[in-house]
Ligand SMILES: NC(=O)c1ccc[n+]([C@@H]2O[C@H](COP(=O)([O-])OP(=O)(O)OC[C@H]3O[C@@H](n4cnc5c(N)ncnc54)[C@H](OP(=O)(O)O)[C@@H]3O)[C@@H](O)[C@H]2O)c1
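Single chain ahead, by itself, as structure tokens, in the form predicted alone.
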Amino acid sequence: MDRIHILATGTSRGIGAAIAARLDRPDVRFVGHSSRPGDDARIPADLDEPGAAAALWNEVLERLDGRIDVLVNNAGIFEAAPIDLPDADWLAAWERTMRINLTASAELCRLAVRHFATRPGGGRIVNVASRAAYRGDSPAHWHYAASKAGMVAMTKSIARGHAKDGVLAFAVCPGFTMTGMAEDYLESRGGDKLLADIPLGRVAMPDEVAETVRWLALDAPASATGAVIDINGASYVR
């Protein structure tokens, strides 16, 4: 049987590195992505730049002999934009977050849907969003929450609109996860006080998110398309 061909973005650290490790399997051909050049194991692409998402897709297609079966959109940034910033700076921060977190993911999803619909078997999309999509985030992170809410809405739209073509779409919404970004944020928000808001008593670990992504990418039943899975220790339940 042919191996499953997977492209995942943002795999140089944190959740993305854990996803790459989970998908390092004999039955998978995996290509990861990094925002910075110099990482031989991953294709570099600055998703803030116009055309970068399409160039990444095309390079991965070439590496994987013209076939991608699964797209995992994990790349994202979490940068503060306090409302008292100068107007131009606040807008630039908003647009940068939207371009990387949502627009580049949308570009890759569009390419994936068109690719999957042209061949037997379809394909799968797994979008890594955030608890912030539903709960919101801090006053300095409107843009982050909005970008992740957009990701969830996009995932549901793809699932509803393209299931007939064999295209399955899922989203994962982690809460705080013990990555470098989360550690800094936990410290800035009071650490123990913030943890008290998580009934489980701890933040999620990257491998917990990665295992969920692996299941959706490889094993989830087709009827689960459109599902959004929360991984937040019951800090937000819907």
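When you see a residue number, it is the position in the sequence shown, counting from 1. No experiment lies behind these values; they were computed from the predicted model shown.
Here the subject shifts to the form predicted in complex with the ligand, a form of this protein not shown in this document.
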Inset, instruction - Please check if S130 has a heavy atom lying within 4.5 Å of any heavy atom of the ligand in the predicted complex. - result: yes
Inset, instruction - Tell me, yes or no, whether L102 is in contact with the ligand in the predicted complex, where a contact means a heavy atom of each within 4.5 Å. - result: no
Inset, instruction - Indicate whether I77 is a 4.5 Å heavy atom neighbour of the ligand in the predicted complex. - result: yes
Inset, instruction - Give a yes or no for S34: in the predicted complex, does one of its heavy atoms lie within 4.5 Å of a heavy atom belonging to the ligand? - result: yes
Inset, instruction - Taking 4.5 Å between heavy atoms as the contact cutoff, choose which of D197, D27, D46, E62 touches the ligand in the predicted complex. - result: D46
Legend entry - Residues of stretch 135-152 in contact with the ligand in the predicted complex (4.5 Å, non-hydrogen atom): Y144, K148
